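A lone chain, given as structure tokens: the form predicted alone.
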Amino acid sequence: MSAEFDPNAIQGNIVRGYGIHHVRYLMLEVTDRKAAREFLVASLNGENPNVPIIQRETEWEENPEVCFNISLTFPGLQALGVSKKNLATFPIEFRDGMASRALKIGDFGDSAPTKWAPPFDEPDRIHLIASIYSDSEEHLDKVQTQVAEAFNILGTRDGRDLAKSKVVFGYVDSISQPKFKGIHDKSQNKNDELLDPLGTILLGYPTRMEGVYFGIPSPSELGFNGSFNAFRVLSQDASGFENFLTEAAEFLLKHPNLKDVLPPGGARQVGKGFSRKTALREIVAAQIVGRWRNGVPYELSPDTMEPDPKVSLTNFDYNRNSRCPVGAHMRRCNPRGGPIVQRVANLTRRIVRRGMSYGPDFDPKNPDDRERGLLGNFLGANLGAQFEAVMYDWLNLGLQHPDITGSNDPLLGANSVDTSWFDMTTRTGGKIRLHGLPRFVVCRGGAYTFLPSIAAINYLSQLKN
């Protein structure tokens, strides 16, 4: 199926973000099917002042005061009364659920579902995940109270943007996102990458693979214009990351090929006022991710985080002579047009990322072990071909390039101190291998969800069984 896109037919925050700096997620259980369906009716027609209205894609130009949206798990579709026949048309990854797919996406050890925080330790009870975006605590509380009238709230998670659009590890985030033809997103004005087809994120539209459409669940009013999401609560070990950078810098200071990484006098070029050790820490950080922490791509500026003249943050590519390591996090997850084993797959696994940090701020000068991390949404039209393929093939096995096969992503990968490694590049075309990377990111919970279109929400609200 293909049709002309109607932005009013889908929920907001899918093809473009809200630009609101606080979010609250509600993990919901359907205990009264009739009440849940009535809530969905009211959330669409806006006639009940005690029910929040579903935010559509077309209803805002400036940041709204509050935005409310819903997504459903497979048990949630069952709880609302979708027939077995139609449930069977959903992809197997979604029907299985994230917890059942844990080994495939690297959720073992400390990330295993048996160690997930409540309510994610009872995945069959999570039927919906609702999101409330607002910069007002009063709005967050009000909508939560309204939702509680129709659903059992199993748990909540609050997130917020950190200062200067950074994440816990200190990097500027969300620079490179898919940009869709016909979608005006002011946050993407400086993004000069290739346009992605709508089939990257929505069901029923062409994908980047010629002649390929991802399957649409039945009936069409339920599946068309829908999207899938991997919702993840990711604990990020900022203290451990900073400690590793220090250890790596000390290793490099003693390495016989140090001058190939940082020549004498090169510290001042890396960053203003840097010592050799500080500069080496930031070089390691930049190579691990593929960007300097201020967002400058390592590919375009491998010797300094402050290039003059400035460089594009999005318009670049990789090649066989790239200084950006092939194992860098950013390059593993999005190889752009660079050389990989499956050349046809380069741009086919693009994922929309919507995320905010949780927990207290982290001060590298006064480190602590309090839990903090990311509430991440990884959206696409097919969980298996996009999210799981990236997590399994590229991020945790390195199957896209023989030089990294058998290694894990240095930042997000399921690393073990005893077996992990990462190859840094040098100015002379050589490599220096770092060992002993711990696991910096641990999953604390999550769920695969389906983001229904407006027509699909109406369909669910009208079910009779």
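Position 1 is the first residue in the sequence shown; the rest follow in order. Treat the numbers as computed from the prediction; the structure is a model and nothing was measured.
Although it is not shown, the form predicted in complex with a small molecule is what the next lines describe.
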Practice problem: Would you please decide whether Ala248 lies within 4.5 angstroms of the small molecule in the model of the complex, comparing each non-hydrogen atom pair? | Solution: no
Quiz item: Just to confirm, Arg336 within 4.5 Å of the small molecule in the model of the complex by heavy atoms?
Solution: yes
Self-check item: Ser176, heavy atom within 4.5 angstroms of the small molecule in the model of the complex
Solution: yes
Quiz item: Could you tell me if Tyr171 has a non-hydrogen atom within 4.5 Å of the small molecule in the model of the complex?
Solution: yes
Exercise. Sort through 113 to 121, 207 to 215, 362 to 370, 384 to 392 and report the only stretch with a non-hydrogen atom within 4.5 Å of the small molecule in the model of the complex.
Key: 384 to 392
Quiz item: Of the options Leu374, Ala130, Val143, Ala238, which one has a non-hydrogen atom that comes within 4.5 Å of the small molecule in the model of the complex?
Solution: Leu374
Quiz item: Which one, Val82, Leu280, Leu202, Val289, lies within 4.5 Å of the small molecule in the model of the complex by heavy atoms?
Solution: Val289
